[in-house]
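Heads up, the chain below is alone and in the form predicted on its own; it's given as structure tokens.
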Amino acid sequence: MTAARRVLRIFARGNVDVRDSLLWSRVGGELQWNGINEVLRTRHPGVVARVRHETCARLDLLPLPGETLPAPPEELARRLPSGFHPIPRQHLTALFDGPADAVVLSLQSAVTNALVRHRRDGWLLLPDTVERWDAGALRFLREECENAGLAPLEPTLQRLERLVLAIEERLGAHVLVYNLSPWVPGERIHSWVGAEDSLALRAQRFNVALAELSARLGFSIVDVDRICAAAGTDEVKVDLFHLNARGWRLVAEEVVRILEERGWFDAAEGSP
């Protein structure tokens, strides 16, 4: 009789980096990488991962337990185009609704996503794929909203600290946070004059701040920056956000390695 496999419950709130490494990566409809279970089949064949994934408009839109963030009215949220980030879900999460062994978050949205703010009511919104919005939606955006820009570093890390503490207290889960590799294949910048606000420098600042926060709180960093540097940025990166199949495998392997060192597999595979 075959023994039942243990289930690794992962809640993942993030975008392409989290989804493509843990769930799957498809290019032109063709499967390139089939997620973390490809790693587990080899290293821990008695374990299967069940990944619950939510996209992340930005970390500061991820509510804490019992918190209700200012959000667009329900009727408006349904009417506006959503793209990859459904507007009715941008200010909500199922993170604290059920058990999880590991919670995976990511800096990517905080580094790169600019929001708009409703002029009268103050709620924030990610106007995803705005280039495909119709004339009525664009008119609303122009008349009712103002640019809120990118996330400021210090408030973002303060928010992340509160999230990490809430996750550990409510769920008792291991917290892993992806940092962001700032480099784009083919770039050979040697002077940053005029590029002080570039996403590359911004990502580096967030990565350093994340490391300092990890040193205080003890959560784990999935060091995508180091992984890409060690493998060769030109070898595993497609652009700022996307890796190839080898890159996603390396990231998934790092997630498994961290959970190994945290002792999750010892407890799961050693229990009756």
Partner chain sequence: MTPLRLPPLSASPFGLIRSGLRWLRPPGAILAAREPLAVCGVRVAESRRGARTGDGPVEPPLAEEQNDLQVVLAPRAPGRVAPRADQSRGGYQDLVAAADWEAGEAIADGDAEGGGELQALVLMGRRGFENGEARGGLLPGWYERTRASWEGDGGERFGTVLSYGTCEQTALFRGDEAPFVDWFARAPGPAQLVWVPDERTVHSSAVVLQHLRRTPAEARAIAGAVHGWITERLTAGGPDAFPAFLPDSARGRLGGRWAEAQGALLALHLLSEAVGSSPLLERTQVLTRRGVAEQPPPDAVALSLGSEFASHFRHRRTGWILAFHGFRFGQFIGPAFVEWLRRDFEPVPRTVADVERDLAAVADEVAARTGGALLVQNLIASSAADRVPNHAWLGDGHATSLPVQATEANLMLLGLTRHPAVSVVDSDALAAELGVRHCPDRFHAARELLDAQREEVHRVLRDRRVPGF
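Numbering follows the first chain given and starts at 1. Computed from a predicted model, the values in this text were never measured in an experiment.
The protein also exists as the form predicted in complex with its partner chain; that form is not presented, and the subsequent description refers to it.
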Original post:
Is P185 close to its partner chain in the predicted complex, meaning a heavy atom pair under 4.5 Å apart or at it?
Top reply: yes
Original post:
in the predicted complex, does R120 have a heavy atom within 4.5 Å of its partner chain?
Top reply: no
Original post:
Does G218 make contact with its partner chain in the predicted complex, using a 4.5 Å heavy atom cut-off?
Top reply: yes
Original post:
A229: heavy atom within 4.5 Å of its partner chain in the predicted complex?
Top reply: yes
**OP:** Among 48-56, 31-39, 199-207, 66-74, mark the stretch whose residues have heavy atoms within 4.5 Å of its partner chain in the predicted complex.
**Re:** 199-207
**OP:** With its partner chain left out of view, choose which of L165, I189, A137, A94 has a non-hydrogen atom within 4.5 angstroms of it in the predicted complex.
**Re:** I189
Original post:
So which residues in 242-257, when you check its partner chain in the predicted complex, have a heavy atom no farther than 4.5 Å from it?
Top reply: E254, R257
